[in-house]
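Shown below, as structure tokens, is a lone chain in the form predicted on its own; questions about how it binds or moves come after it.
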């Protein structure tokens, strides 16, 4: 049995549960529980505040955690980042009042900057030789300049709409974040086996999301040319049709190449092209 810590609520909670569902680990949401067992996998989910997850994984109370990379960096806990998960993307940026003239990071010398991420901000200021005061705020950081608490802010930015509504503009992107899977550094052999299975399933899901399955009818005379268009993972599947001079061709293509491939195949006589979404690819 392995314990996975995830955020109690919010977008990262929803996306973490969606990931587990996609790799066939069935757990209940955190509406009334702080701990849920998976019905079909040797795992249980512990629901926590996001900023508590790195510490809980580091201490071994949970063996794994899904959390933003920004929280891992800010907390400085000794954990292993075993996978970047490709969701929960955001950035932590410096923002100033929109009416202020900004010509570079020197602007922040002598200024007070409000943030919930003093460690990440402190590293940035040190690297750029900026002498600024850091005002730690755990709530609505974006109101600090208007309230006279600070001259600027350092906060998470997704769309930028919150900054605009508070009369601010983003001037420096400092830290790019996404959801990561973290692990305790002292996993036992059985726990490591469970982690390896989770990583195997995640990779299968990731590969399948980038590919499409193509089925088509094609003249036999065009088959060799079609095979140069569709190299597939190993080689396409070719089957004869009842109609004389025709065969059925099946292959897997990269999703971002799909329409270009379809155009080329139609040009050499392919008909009845079906495009299917893949659930899983096991390499």
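Model, not experiment: these values are computed from the prediction. Residue numbers count along the first chain shown, from 1.
FYI, the form predicted together with a small molecule isn't displayed, but the following is about it.
Scanning 99, 104, 161, 148 against the small molecule in the predicted complex with a 4.5 Å heavy atom cut-off leaves one residue, 161. Taking 49, 37, 33, 220 one by one, only a single residue has any non-hydrogen atom within 4.5 Å of the small molecule in the predicted complex, and it is 49. Residues within 4.5 angstroms of the small molecule in the predicted complex, judged by any non-hydrogen atom, belong to 64 to 72 and to none of the other stretches in 244 to 252, 64 to 72, 37 to 45, 211 to 219.
The small molecule is not shown here, and in the predicted complex it never comes within 4.5 Å of any heavy atom of residue 20. Heavy atoms of residue 117 reach within 4.5 Å of the small molecule in the predicted complex, making it an interface residue.
Contact annotation for residue 266: none of its heavy atoms lies within 4.5 Å of the small molecule in the predicted complex. At a distance threshold of 4.5 angstroms between non-hydrogen atoms, residue 191 is out of contact with the small molecule in the predicted complex.
Contact with the small molecule in the predicted complex, defined as a heavy atom within 4.5 Å, is made by all three of 89, 142 and 156.
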